[in-house]
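Given next, in structure tokens, is a single chain: the form predicted on its own.
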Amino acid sequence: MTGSPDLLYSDVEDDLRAAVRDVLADHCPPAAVLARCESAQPYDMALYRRLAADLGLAGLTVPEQAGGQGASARELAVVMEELGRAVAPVPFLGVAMATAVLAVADAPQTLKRIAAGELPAAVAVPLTTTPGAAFPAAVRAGADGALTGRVTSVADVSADGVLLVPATGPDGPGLFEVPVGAAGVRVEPVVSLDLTRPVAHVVFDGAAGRAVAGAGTAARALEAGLLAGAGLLASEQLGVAERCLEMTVAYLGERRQFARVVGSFQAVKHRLADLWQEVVSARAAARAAADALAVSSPDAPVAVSVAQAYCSRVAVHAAEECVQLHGGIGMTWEHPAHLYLKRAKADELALGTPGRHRALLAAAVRLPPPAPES
């Protein structure tokens, strides 16, 4: 990669982290997340609006002239870390991807509403879509902008939000803006492993779409959103892993067996030390990806794929260790460990599996692709 990425957190980023963590501690405790998982409304839109509007996080990377904060992916990555630590049930990843898409598509009106926290947004692609994938062909656009088709497993669809829909029309690829509640749009909820990030199939049956990008910029705008989403997801996975390690260390420092603190057993110490090393390495990978996105580095795709290939596995490992080392309590619904494991496993598939990102890295450095994952 060209240049040396800055992996350290700035004072501004530390202050931002503290502010977000305080809000999540007050409004998103584990008990509240667990209760919401059992309700008909898994997303906490009141919390989203507090973060998006009151703290201005929805417009963090939006230019000031469009009503945003004019910050970069580095600051947004810090927010994603904290959301991962809390497994916060808010549609923030979709909004981050949508703002990246609209920044390239040059749609200031929609961008301004999203930045103000008024309009949740999501990109209508399957959550498993990998950066660098071919432009989606699931939706067709008529000459009048009417959209027809079905997109599976879309994340962060909000009833009062908007969808950015990639569609192919008479003039080629395009991006269209469609309100979720518009005529001709049907949202079919799907049971998701991660109850804190629901997914849904979205059916378009002649829905009227407003073009925000044509054949010249649609593919480039969508790729920007996918790349930003994958890079920021690595920071969320880092947050998941860090919190799992913290919870496990705290529990093992209190739990006693055979008249000894469980954390004093050498085998347990070795497992925690190995996990700590993985988390530190994941932090370096996630920070490098965020820094590359922030400076629009030409090496950003490489940095993002490195982060995704590594952080995905670390988050899953940390969550698995959290469940196992908590013993019997870790297997209960009442303890939040299962929320972290489910988020980690779902994130492992989101925006490209580790295997897909290793294949992208192999192609980038002209090496044979890795063996398929078993």
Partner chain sequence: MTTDDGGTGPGSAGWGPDEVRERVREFLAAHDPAVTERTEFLRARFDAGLAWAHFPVGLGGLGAPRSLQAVADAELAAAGAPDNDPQRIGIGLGMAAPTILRYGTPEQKERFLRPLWTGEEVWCQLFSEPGAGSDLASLRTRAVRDGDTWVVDGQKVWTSSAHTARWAILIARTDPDVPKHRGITYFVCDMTAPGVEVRPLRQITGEAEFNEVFLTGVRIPDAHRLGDEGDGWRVAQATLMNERVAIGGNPLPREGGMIARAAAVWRERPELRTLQLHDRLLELWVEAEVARLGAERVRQQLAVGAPGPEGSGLKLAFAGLNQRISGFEVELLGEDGLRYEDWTMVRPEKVDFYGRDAGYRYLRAKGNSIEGGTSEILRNIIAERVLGLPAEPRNDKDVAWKDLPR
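Positions refer to the first chain, counted from 1. Since this is a predicted model, take the numbers as computed values, not measurements.
There is another form of this protein, the form predicted in complex with the partner chain, and it is not shown here; the text below is about that form.
> Sort through 25, 18, 12, 362 and report the residue having a heavy atom within 4.5 Å of the partner chain in the predicted complex.
Flagged contact: 362.
> Can you work out which of 218, 224, 157, 288 has a heavy atom no more than 4.5 Å from the partner chain in the predicted complex?
Residue within 4.5 Å of the partner: 288.
> Within a 4.5 Å heavy atom cut-off, is residue 332 in contact with the partner chain in the predicted complex?
Yes, residue 332 lies within 4.5 Å of the partner chain in the predicted complex.
> Looking in the predicted complex, any heavy atom of residue 243 within 4.5 Å of the partner chain?
Residue 243 lies outside the contact set for the partner chain.
> Check whether residue 327 has any heavy atom within 4.5 Å of a heavy atom of the partner chain in the predicted complex, and answer yes or no.
Yes.
> May I ask you to state whether residue 280 is within 4.5 Å of the partner chain in the predicted complex, using heavy atom distances?
Result yes; residue 280 sits at the interface with the partner chain in the predicted complex.
> Thinking of the partner chain in the predicted complex, which stretch from 167-175, 136-144, 84-92, 186-194 has heavy atoms inside 4.5 Å of it?
Looking at the partner contacts, the answer comes out as 186-194.
> In sequence order, which positions of 124-154 have a non-hydrogen atom within 4.5 Å of the partner chain in the predicted complex?
The stretch touches the partner through 126, 127, 128, 152, 153.
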